[in-house]
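Structure 1 and structure 2 below are two forms of the same protein chain, each written out on its own as structure tokens.
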Structure 1
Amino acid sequence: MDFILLIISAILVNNIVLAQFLGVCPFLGVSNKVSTAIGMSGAVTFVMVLATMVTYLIYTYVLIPLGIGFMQTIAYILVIASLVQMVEIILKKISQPLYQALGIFLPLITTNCAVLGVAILVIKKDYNLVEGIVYGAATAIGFGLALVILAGIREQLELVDVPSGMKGAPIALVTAGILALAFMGFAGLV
């Protein structure tokens, strides 16, 4: 039962983008097309789950025993950067169109504060390894859900007559705000 509450909370109630405002850069930058949003969601999910697991192990079995827990953020950034490079190499070999579609936003996963934030929150919330992995996966799913929903709405907005002053980033920000308000409706679930 605890895992179900953790999953629902991470996906809907405390959505990393819409409630905690982490990972807004790729959220707004890659949400032009649903296909690109799905690819980015997959890449972020892979990196977030793997980063959560590796950073937890590094913190628990390296940083704390050596008494250098204060190096947590630096160590996490190095791990995340390495994982993103691995994902970039894999995507370049497996799916060239997706690699091209993600463009500059793929290396930006390295500086995606959602990935770093989840790794830090796992330690801050005192989760064990399994809870941390579940939390990381659920948070990544929540990120992907918000990203795909926004991408779908933005694709539909291309078909309507939006005032010229609101085209592009302004309408995306207004839409993201309304989406965040809609997700606030889930606050009573957990």
Structure 2
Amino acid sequence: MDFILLIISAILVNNIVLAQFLGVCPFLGVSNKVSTAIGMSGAVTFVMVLATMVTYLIYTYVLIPLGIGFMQTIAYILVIASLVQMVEIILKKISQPLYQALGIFLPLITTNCAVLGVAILVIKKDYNLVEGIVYGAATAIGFGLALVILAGIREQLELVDVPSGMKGAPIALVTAGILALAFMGFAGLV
């Protein structure tokens, strides 16, 4: 597997938000300001890589040997939830600045379907551990890219006279649609 291809594909061609529709909730929720968008992206990258790693190990060394692959969903969501809690506690103890930058976003990540989605996709696509981690990291960067771009556009939109009915979620969605259109131009790149 060519890692460069894997990375480009995960960031641009199959962008997690704009092409695969995972993580749309935080994509719309925290894209008001570029600074929060960057904080969120950082937290997601951190958790996504960790979660992919841990869930992969649990799937391969616990669920499969026990023959309970069907418990995947329930095991993953519990792992991710406790992982997020742990990361929050550890960050608080060891790095106050990092905690202040990422801390408030961490609880939101448990219900970010991109994290669970990537964990499931890694198994579905038959990646090995290293490929899985690279895929997780690249996907998270793709998420961050889309989020920061949308936040940049929405900051500009603040100054524009949007029709009252379109304010908030509708205009954000339409903007995201146009952004998705632009990202479709990357298809066929790999």
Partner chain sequence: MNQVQNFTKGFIKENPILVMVLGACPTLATTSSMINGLGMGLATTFVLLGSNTVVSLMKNLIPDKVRIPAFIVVIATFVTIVDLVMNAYVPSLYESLGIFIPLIVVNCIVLGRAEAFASKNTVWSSVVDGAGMGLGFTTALGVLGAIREILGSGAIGGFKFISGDGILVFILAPGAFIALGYMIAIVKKINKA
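Residues are numbered by position in structure 1's sequence, first residue being 1. What we label the rigid core is the largest C-alpha set whose atoms superpose within 1.5 Å from one form to the other. Remember, predicted model here, so these are calculated numbers, not experimental data.
Remark: the form predicted alone is the source of structure 1; structure 2 originates elsewhere. Relative to the superposed rigid core, T73 undergoes a CA displacement smaller than 2 Å between structure 1 and structure 2. With the core superposed, V87 shows a C-alpha displacement of at least 2 Å between structure 1 and structure 2. Core-aligned Cα shift between structure 1 and structure 2 at Q96: this is 8.2 Å.
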